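Starting off, we have a lone chain in the form predicted alone, written out as structure tokens.
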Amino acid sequence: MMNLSRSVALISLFLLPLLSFSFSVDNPTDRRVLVLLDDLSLKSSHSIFFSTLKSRGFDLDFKLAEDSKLALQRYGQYLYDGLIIFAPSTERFGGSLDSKSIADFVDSGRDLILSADTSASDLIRGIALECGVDFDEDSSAMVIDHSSFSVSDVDGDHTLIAADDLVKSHAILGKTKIEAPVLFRGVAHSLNPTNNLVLKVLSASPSAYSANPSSKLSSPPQLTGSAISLVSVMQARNNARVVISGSLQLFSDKLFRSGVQKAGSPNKYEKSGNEQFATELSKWVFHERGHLKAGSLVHHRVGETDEPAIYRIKDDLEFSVEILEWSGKSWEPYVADDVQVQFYMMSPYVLKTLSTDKKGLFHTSFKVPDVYGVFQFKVEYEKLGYTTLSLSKQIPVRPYRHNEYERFIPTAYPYYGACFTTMAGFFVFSFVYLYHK
């Protein structure tokens, strides 16, 4: 029994460094991703997408969604830093995996790609709903568009959509414009209006609607036009990222290689925009782009270099902070003109836009307000597609000491004048009263 205990302890010590490896804010690369499939044939039918991830250094662990040994944690440590769920029809995950554990996974700051289709189960719909995405309640409904369909749609039901309404964000989809339309065949979803963290990345055209393509409409569809989102993203407050797609085929080799021509358009493309769209989106969700980190807040009086323990009202000070952006391989200086600092006590007394030296250093100078108390330097930076920065540093501000005031205060000159005028008037009055006959 004693030997068994020693063996378990040795195994735990050996495994602990491996299990402790997780997403690093300082080096967001070389991450381990769990890929859940409802059919292992998806490894070959979606091989291009998986190959692009592997080529960028990701370690993919493929498992069936119903595997009885599934687990995201072991010994209190997460085994994976990202999760891809390509198992829309799965009614129940195997092992210790369920919707709550996936929610906890995202709450821990890790990332998720979830893809659905017309066979989406209540389990998949529930996970999406937790992220602010609501799939069409009609399980037989698909996105139909009689104006923006692909001319290669041989079925004639106009469910193969050629979508080109993309979010305008270099951080999410890269700087290279996606010229070709993205082919989409799947289910529609809408966004929870009370959730301001979720965003449409690929939207349907105004002529699209969600309905059963094999039956006639008996009533107006609930989801129509631009209210339909085809692919959405969410960045949580802890900077965890989630991608939710209504089409599993969007990531398939078939649509990656397909040519595309949008109905009514003379432009014909030999290759759809699916591969570029999926690749750029995966770079964003796994923090290869749009990931910021900031150094400590630095402040000192003008002409000094040391940070004081306390400021005095009306002191002139300088403030700076370094912000870097992850390029996928290394940290590069972040360049922007919209970073601001607040000098805050209950409300901002000073709000200044920071200047940048184009090398990642943001700086400014200002005068401490004529109010004493406990203040904070605060940098709250939120920008579409970028991780949120929230930095603060507390500093007290004191009033003048009794011996630090000016000997004669200019604003008090009228009072000084009144005092001496009164004295002079009293002297003249006394002289006249005493000596005048």
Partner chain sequence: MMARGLARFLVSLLLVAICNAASVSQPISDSHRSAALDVFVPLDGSYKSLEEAYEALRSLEILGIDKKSDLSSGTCENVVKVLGSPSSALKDVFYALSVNGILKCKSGDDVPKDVVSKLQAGAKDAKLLLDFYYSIRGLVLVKEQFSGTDLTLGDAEAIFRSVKALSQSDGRWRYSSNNAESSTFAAGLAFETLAGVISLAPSEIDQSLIQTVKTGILKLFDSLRKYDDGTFYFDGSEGPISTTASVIRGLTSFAASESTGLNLPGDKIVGLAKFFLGVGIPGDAKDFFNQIDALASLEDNRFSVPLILSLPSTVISLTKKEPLKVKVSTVLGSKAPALGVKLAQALNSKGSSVINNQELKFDADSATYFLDSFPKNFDVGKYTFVFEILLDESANEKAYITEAQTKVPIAATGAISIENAEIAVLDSDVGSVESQKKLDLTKDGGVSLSANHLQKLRLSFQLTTPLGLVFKPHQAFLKLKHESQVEHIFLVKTSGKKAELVLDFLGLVEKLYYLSGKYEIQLTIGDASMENSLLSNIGHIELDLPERPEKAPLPPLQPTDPYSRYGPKAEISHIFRIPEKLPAKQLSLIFLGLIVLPFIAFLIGLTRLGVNIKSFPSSVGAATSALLFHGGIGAVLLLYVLFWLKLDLFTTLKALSLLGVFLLFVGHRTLSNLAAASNKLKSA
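In this text, the rigid core denotes the largest set of C-alpha atoms whose superposition between the two forms falls within 1.5 Å. Given the structure is predicted, the values throughout are model-derived calculations rather than measurements. Numbering follows the first chain given and starts at 1.
Keep in mind that the form predicted together with the partner chain is not shown, yet the notes after this line are about it.
>> I'd like to check something about Trp331: if you look in the predicted bound form, is any of its heavy atoms closer than or equal to 4.5 Å to a heavy atom of the partner chain?
In response: No - in the predicted bound form, heavy atoms of Trp331 and the partner chain never come within 4.5 Å of each other.
>> Considering non-hydrogen atoms and a 4.5 Å limit, does the partner chain approach Glu404 in the predicted bound form?
In response: Heavy-atom contact with the partner chain at 4.5 Å: absent for Glu404.
> Might Leu199 be said to contact the partner chain in the predicted bound form, defining contact as any heavy atom within 4.5 Å?
Replying inline: Leu199 belongs to the contact set for the partner chain.
> Can any non-hydrogen atom of Pro308 be found within 4.5 angstroms of the partner chain in the predicted bound form?
Replying inline: Although the partner chain is absent here, Pro308 would stay clear of it in the predicted bound form, with no heavy atoms inside 4.5 Å.
> in the predicted bound form, which of the stretches 125-133, 318-326, 293-301, 165-173 has residues with heavy atoms within 4.5 Å of the partner chain?
Replying inline: Heavy-atom contact with the partner occurs in 165-173.
>> Looking at Ser99, Ser108, Gln73, Ser89 here, can you tell me which has any non-hydrogen atom within 4.5 angstroms of the partner chain in the predicted bound form?
In response: After the contact test, the surviving option is Ser89.
> Of these, Met234, Ala180, Ala211, Leu112, which has a heavy atom no more than 4.5 Å from the partner chain in the predicted bound form?
Replying inline: By the 4.5 Å criterion, the partner-contacting residue is Ala211.
> Along 331-362, which positions have a non-hydrogen atom within 4.5 Å of the partner chain in the predicted bound form?
Replying inline: Contacting residues: Asp338, Gln340, Gln342, Pro348, Tyr349, Val350, Leu351, Lys352, Thr353.
> Would you say Glu406 moves its Cα by 2 Å or more between the shown form and the other one, aligning on the core?
Replying inline: Shift of 2 Å or more: yes.
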